[in-house]
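A single chain comes next, written as structure tokens; it is the form predicted alone.
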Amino acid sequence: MTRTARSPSKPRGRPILRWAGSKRQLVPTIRGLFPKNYERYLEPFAGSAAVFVAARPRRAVISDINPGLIEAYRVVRLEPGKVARQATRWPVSSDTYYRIRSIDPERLSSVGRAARFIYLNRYCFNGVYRENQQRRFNVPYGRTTGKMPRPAEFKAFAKLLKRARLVCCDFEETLRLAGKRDLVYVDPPYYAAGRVFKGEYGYAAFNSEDEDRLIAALTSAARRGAYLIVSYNGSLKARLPGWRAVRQRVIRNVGGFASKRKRIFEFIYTNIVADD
């Protein structure tokens, strides 16, 4: 009997960006904490939106303070094919990377800006987003970066983004939207006292005052009946009394170098009880 070859299945949607500190390794654990039912999904530190993609919620608010990131997502949602064609048109090389990085994004069309953002993200060192004091992206070219997503993957991701409201704003604004039975996943940059800041996630992205604001916003959202899941370092345990803390080992590249991989603990905090 002759068998007909199966056509490749369509992508169900996966992140099109790399992002330093991405929680892809923790997605099964995070999903395991989800309540059985919730009204709406909110994610105020979008990054690569790996948890949003895995959750595939019917309704969502996806936000970030990085205007280039949110604009790229908005344009991909509307014109995934055009962005994919432009992003794959540029050769993958160090010379091309630095030429694209040197372009003033304001001189480009919206599709060009989105393609530039994604190209630089895909081929920069370790998926890091970093700006100098002039707010210009300054991450060097990476040597091991993987491939640009296929056009079909852009389109699958765009289909998921159509379920979301995309907002460029501070995390407090998004957390203020969280009401009863909304599910919020929060993954801020990790602040550590004495850490030398190098502009990761954008210049002046997150500091000790922001951590205080985060605790206040989380506490307020919890009082309104929101379900909350937070990825952070171990410092929040005493600041979120009554919350459950989950500790899990993951593999991280220390200093961004694959040769220095080691297992470290990541912490997840939630106010969700098992029966919710």
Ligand SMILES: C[S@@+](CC[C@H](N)C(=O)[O-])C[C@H]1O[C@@H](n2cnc3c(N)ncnc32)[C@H](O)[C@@H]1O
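Residue numbers here begin at 1 and follow the sequence given. Every value quoted in this text rests on a predicted model; they were computed, and no experiment measured them.
This protein has a second form, the form predicted in complex with the named molecule, left out of what is shown; the following refers to that one.
*Asks:* Using a 4.5 Å heavy atom cut-off, which of 64-72, 31-39, 217-225, 241-249 contacts the named molecule in the predicted bound form?
*Replies:* The contacting stretch is 64-72.
*Asks:* So, a 4.5 angstroms cut-off on heavy atom distances: do all three of Lys23, Asp170 and Pro189 pass it with respect to the named molecule in the predicted bound form?
*Replies:* Affirmative, all three are within 4.5 Å.
*Asks:* Within a 4.5 Å heavy atom cut-off, is Val230 in contact with the named molecule in the predicted bound form?
*Replies:* Val230: no contact with the named molecule in the predicted bound form.
*Asks:* How about Ala60: is it within 4.5 Å of the named molecule in the predicted bound form, going by heavy atoms?
*Replies:* No, Ala60 stays farther than 4.5 Å from the named molecule in the predicted bound form.
*Asks:* Even though the partner isn't displayed, in the predicted bound form is Tyr97 close enough to the named molecule, meaning a heavy atom within 4.5 Å?
*Replies:* Close contact is absent here: in the predicted bound form, Tyr97 is far from the named molecule, nothing within 4.5 Å, heavy atoms only.
*Asks:* With heavy atoms only and a cut-off of 4.5 Å, decide whether Tyr123 touches the named molecule in the predicted bound form.
*Replies:* Flag for Tyr123 set to no.
*Asks:* Only counting heavy atoms and a 4.5 Å limit, does any residue of 43-63 reach the named molecule in the predicted bound form, and if so which ones?
*Replies:* Result: Glu43, Pro44, Phe45, Ala46, Gly47, Ser48, Ala49, Ala50.
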